[in-house]
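So this first bit is one chain, no partners, the form predicted alone, shown in structure tokens.
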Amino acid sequence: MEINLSIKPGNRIQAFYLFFIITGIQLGVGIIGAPRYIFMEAERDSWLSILIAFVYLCLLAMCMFFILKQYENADYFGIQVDIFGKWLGRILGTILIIHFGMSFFSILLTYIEVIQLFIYHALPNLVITILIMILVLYTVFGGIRVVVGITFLLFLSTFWLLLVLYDPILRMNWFNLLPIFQTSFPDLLKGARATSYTLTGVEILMVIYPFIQNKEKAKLPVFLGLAYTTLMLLITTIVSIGYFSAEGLRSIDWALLILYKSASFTFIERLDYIVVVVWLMVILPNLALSLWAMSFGIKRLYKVPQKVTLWIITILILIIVNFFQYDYEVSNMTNLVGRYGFWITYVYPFILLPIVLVKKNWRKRKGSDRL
């Protein structure tokens, strides 16, 4: 297995698109219900928890860039094989692939639950999954450039969803946000951790990095992408607290969708129906990037062609999705992804960094001793 990748010019992408890749993989179904979970930990100081999470994300991104700079053109899978050896590196790489797969599946199940709750109550999981997988497969079969292109276009196509929130903002009670600075620091940290499922996905940087053409310009789009997703979560949480009040928000699972449902316009009555359907365009980049990362990782570690992997994964998804029929099963799945994903996404890179540096220094000393 090659540690450093040789990417054909036709498969390279500009660093500019990292902004849309980061926002595309972070913004999904998590933000729909995130305000409630953050508020249950940090209450009216939830905005502080979100800002703490943003600072940590920036440190995490810096850590990832520092690891990647130690190599010429390596990705997560190659770095782990280089550091830990062939077998342990493959095991760790497989865990990362499973992480992408579980994230993919939790997003898919959550969106299916939203469709069944708000629109089609009796529509089977399998039918919804087939329709979604047709779109996802069509995107991923086009290659990484098509995936990134779709991510860019859908970002522009769904930006208007934020503007619709102006109606709930006008009717929210700002006094519901008071008093501030009442939450203890440990609870603020718990609130920051409650954002982990919503803001997960930054690890895609260490998979897609070899495909970036102008790597010297990669940092700014990544940090801007993190800032954008954090701002979206911050706005959603503040509006939810101000609109529903503290007591109301504790009992609302899908705060963002309820905000859209409460929006009042003279030319349309049930805006939430439109939002639920359009939200497919929000999660499609997330699903496509995750599925591409899975297939690419299997190709890197086990030399299995991506097209074969895509069909196998699709068949498995179509089978497994039928075993999730109740909302508590979906909730348990999401909580599981949030718990183990926290360690893979937010903790593991900080463990990997010193190991990479120690091994790099050891190789330098070994090389100088031979001279």
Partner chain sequence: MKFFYVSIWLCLLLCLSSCVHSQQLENLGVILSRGVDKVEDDNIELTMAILQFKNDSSSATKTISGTGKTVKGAVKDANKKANQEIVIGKIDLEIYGREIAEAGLTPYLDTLLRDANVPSTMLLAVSESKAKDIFKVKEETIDTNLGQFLHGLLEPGVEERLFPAIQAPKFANGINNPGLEPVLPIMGIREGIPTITGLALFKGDKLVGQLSIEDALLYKFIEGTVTGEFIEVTLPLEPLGEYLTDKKELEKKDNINTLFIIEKGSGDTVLTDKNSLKFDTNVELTLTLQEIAVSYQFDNKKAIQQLEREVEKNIKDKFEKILAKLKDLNTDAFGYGVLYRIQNKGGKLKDEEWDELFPKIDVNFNVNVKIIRHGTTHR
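Source: prediction; values computed, not measured. Positions refer to the first chain, counted from 1.
The protein also exists as the form predicted in complex with its partner chain; that form is not presented, and the subsequent description refers to it.
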Original post:
Closest heavy atom of Arg44 to its partner chain in the predicted bound form, within 4.5 Å or not?
Top reply: yes
Original post:
So, in the predicted bound form, is Phe185 in contact with its partner chain at a 4.5 angstroms heavy atom limit?
Top reply: no
Subject >> Residue contact check: Asn176 to its partner chain in the predicted bound form, 4.5 Å heavy atom >> reply: yes
**OP:** Could you confirm whether Asp167 comes within 4.5 Å of its partner chain in the predicted bound form, counting heavy atoms only?
**Re:** yes
Original post:
Among 203-211, 77-85, 290-298, 110-118, which stretch has residues with heavy atoms no more than 4.5 Å from its partner chain in the predicted bound form?
Top reply: 110-118
Subject >> its partner chain: the contacting residue among Phe104, Tyr243, Trp279, Tyr228 in the predicted bound form [heavy atom, 4.5 Å] >> reply: Tyr243
Original post:
Though its partner chain is not shown, can you say which of Ile274, Leu162, Ile134, Leu224 has a heavy atom within 4.5 Å of it in the predicted bound form?
Top reply: Ile134
Original post:
Looking at its partner chain in the predicted bound form, is some heavy atom of each of Arg171, Ile258 and Glu269 within 4.5 Å of it?
Top reply: yes
